[in-house]
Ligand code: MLT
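For reference, the chain that follows is the form predicted alone, supplied as structure tokens.
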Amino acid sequence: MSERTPEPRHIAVNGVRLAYDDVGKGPAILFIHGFMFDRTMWRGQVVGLEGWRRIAPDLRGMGLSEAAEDGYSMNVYADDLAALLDALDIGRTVLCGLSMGAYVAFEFLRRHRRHVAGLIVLDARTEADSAERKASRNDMIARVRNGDASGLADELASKFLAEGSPAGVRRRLGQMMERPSATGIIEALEAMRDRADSTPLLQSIVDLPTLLLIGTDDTRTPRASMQAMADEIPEATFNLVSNAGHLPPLENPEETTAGILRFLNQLGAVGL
């Protein structure tokens, strides 16, 4: 199996030009990356999930996608992705989001439920930011505005990965976190800071097949938050990914891909 990253495609939606990967044929799965990451964090899954059409975009302001000057929010990210699916003539998809990508997925569910046949959440919480976390976001925004985006990326990267992560994984993470524009970083931080509490949303998706995954060594996401999510969704499966921190798709791609594939095989292609 090749580990070569697919050549990105580009499309204009909602007034912004997005980069995305579109690989394979079959029912669709849409991958949504986390904060300061991009579509390449899903390389192992985009390469490995044969039998499915794998769509992996860079969110606006991240990766190779255009950074609009303003107009960012969870609503806008979600609407961008819905417009992308419409442009690709994809009626329904499985949503797969990690961290901030899961926050986007929750908003997508609120606004575009007709598109969603299944949900995969990795290393995320449903709760809105606490006052302490809002203050931390504001501190990060100030650092980026003062020209310290590189320092912020280095600091966060050291917290995202499990201890002892291979040098190659650290290098790939560093490369990803160098790509976002200052505007994209600031706007994403503001969108996360101001996002709605998604806990009430769980009561409306009791019939949605859901997979929850978290790295065994994730220090960024409380495991209790994901367990509470699993308890609220009767159709949810909750699994741990070994030897991984906040980025299982990057740190342990084989186990992450195998877990996703088991879920997809159980879900089948009904309604997709």
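Since we're looking at a predicted model, the values are computed, not measured. Residue positions are given as counts along the sequence shown, with the first one as 1.
Just so it is clear, the following notes concern the form predicted together with the named molecule, a form of the same protein that is not shown.
- Note that among 80-88, 105-113, 167-175, 129-137, the stretch whose heavy atoms approach the named molecule to within 4.5 Å in the model of the complex is 129-137.
- With a 4.5 Å cutoff on heavy atoms, F35 counts as touching the named molecule in the model of the complex.
- Looking at Y72, you'd find every heavy atom of it more than 4.5 angstroms from the named molecule in the model of the complex.
- Interface membership of T93, defined by any non-hydrogen atom within 4.5 Å of the named molecule in the model of the complex, is ruled out.
- Among residues of the shown chain, S198 is not one whose heavy atoms approach the named molecule to within 4.5 Å in the model of the complex.
- Comment: the named molecule is not present in this chain, but in the model of the complex one of M100, L202, V76, L119 has a heavy atom within 4.5 Å of it, namely M100.
- Put simply, of M192, V144, A162, A153 only one has a heavy atom within 4.5 Å of the named molecule in the model of the complex, and it is M192.
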